[in-house]
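Before any questions on binding or motion, here is one chain by itself as structure tokens, the form predicted on its own.
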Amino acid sequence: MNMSTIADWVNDRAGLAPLKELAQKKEVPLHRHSLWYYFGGMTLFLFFIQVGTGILLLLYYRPSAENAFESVQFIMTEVQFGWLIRSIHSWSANLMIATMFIHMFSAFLMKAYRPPREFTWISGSLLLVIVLAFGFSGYLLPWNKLAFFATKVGTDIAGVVPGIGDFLLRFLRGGDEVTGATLTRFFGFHVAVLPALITAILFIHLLLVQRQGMSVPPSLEGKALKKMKFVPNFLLRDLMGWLIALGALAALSAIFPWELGEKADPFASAPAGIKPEWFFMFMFQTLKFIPAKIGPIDGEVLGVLAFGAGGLFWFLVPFLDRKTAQGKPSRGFTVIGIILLVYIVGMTIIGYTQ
């Protein structure tokens, strides 16, 4: 039985002809910003690496304060290639968040949120929030000293949200303090709640992208552009990028294996100069710069409210940028995007150099 016969047999039963037709029709516009299209696929590839390595780690990991650290230690020292799988999981998580930031900002600066892609933008923004939640919840799972105190600081910040701060803090921690209950709760978020959410929203996001096609910058809208077939031309370039990413992951994991550190001790004092993961650094550093009191209000509360307002603005950009929606130039939002990008990068660098 040859491949064509097998394909026909599968198609007769699964009805894959519409998907084949869609793949054959799908085209990618070519212009000087086409490079940014590859970061969406790269993020998806790194997500699949996360799923695969996460499942392997799950075979040995034990989600309790008594056993979590020792189980990760066992993975790294006793399981064949366990240290490599854990390092790839950690490095790919960081690279996935980086490529997702690049993907979102490139979409923002190319005004890819304009009609009819408002829902595509909102679903992409939700994916970014979920990926950050993956990073936050996964950070605690090794139950080491640094992760313990970083989680304490992070949940303390959530606790200052006016009105719902106490509820948020107790909801995240499973009590008043960071304990084994917090670890179990974060494990549940990391392997059940967040995967279910990201699967559903990722499906919607990809479906919308397939229905609406690739967006082009407003200045190129309506112009006759060269196009590339998605299958096989663009897909082969995607695959080439994924192979390079896989090589980079293997090299990073071998040269800079992810360290485990010391086991968490709730009675020990916090390490000096404790810092969050790089993707939260700009927020952490901003809060450090805000005075303790601004008038009658705590500076930290104002900072958290400002970040909440910023997040809401990000979600609502398609509805706030009316000029782009009407097909007019919108330099104001371009400037906002550039300022925001420079601010995030600048505050992150300051956070690590101070």
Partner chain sequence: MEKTNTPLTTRRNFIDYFLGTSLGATLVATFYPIFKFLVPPQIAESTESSVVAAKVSELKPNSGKIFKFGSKPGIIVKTPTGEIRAFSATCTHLDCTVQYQEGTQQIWCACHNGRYDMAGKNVAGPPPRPLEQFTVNVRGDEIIVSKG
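Quick caveat: nothing in here was measured; it's all calculated off a predicted structure. Numbering follows the first chain given and starts at 1.
Form predicted in complex with its partner chain: not shown, discussed below.
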{"query": "Of 225, 240, 206, 274, the one that lies within 4.5 Å of its partner chain in the predicted bound form (heavy atoms)", "finding": "274"}
{"query": "One residue of 167, 81, 74, 256 in contact with its partner chain, assessed in the predicted bound form (non-hydrogen atom, 4.5 angstroms)", "finding": "167"}
{"query": "Residue stretch of 114-122, 89-97, 177-185, 246-254 approaching its partner chain in the predicted bound form, non-hydrogen atom distance within 4.5 Å", "finding": "177-185"}
{"query": "Interface membership of residue 156, its partner chain in the predicted bound form, 4.5 Å heavy atom rule", "finding": "yes"}
{"query": "Exercise: residue 269 in contact with its partner chain in the predicted bound form, heavy atom 4.5 Å", "finding": "yes"}
{"query": "Contact flag, residue 284 vs its partner chain in the predicted bound form, heavy atom cut 4.5 Å", "finding": "yes"}
{"query": "4.5 Å heavy atom contact, residue 309 and its partner chain in the predicted bound form", "finding": "no"}
{"query": "Heavy atom within 4.5 Å of its partner chain in the predicted bound form - qualifying residues of 299-334", "finding": "300"}
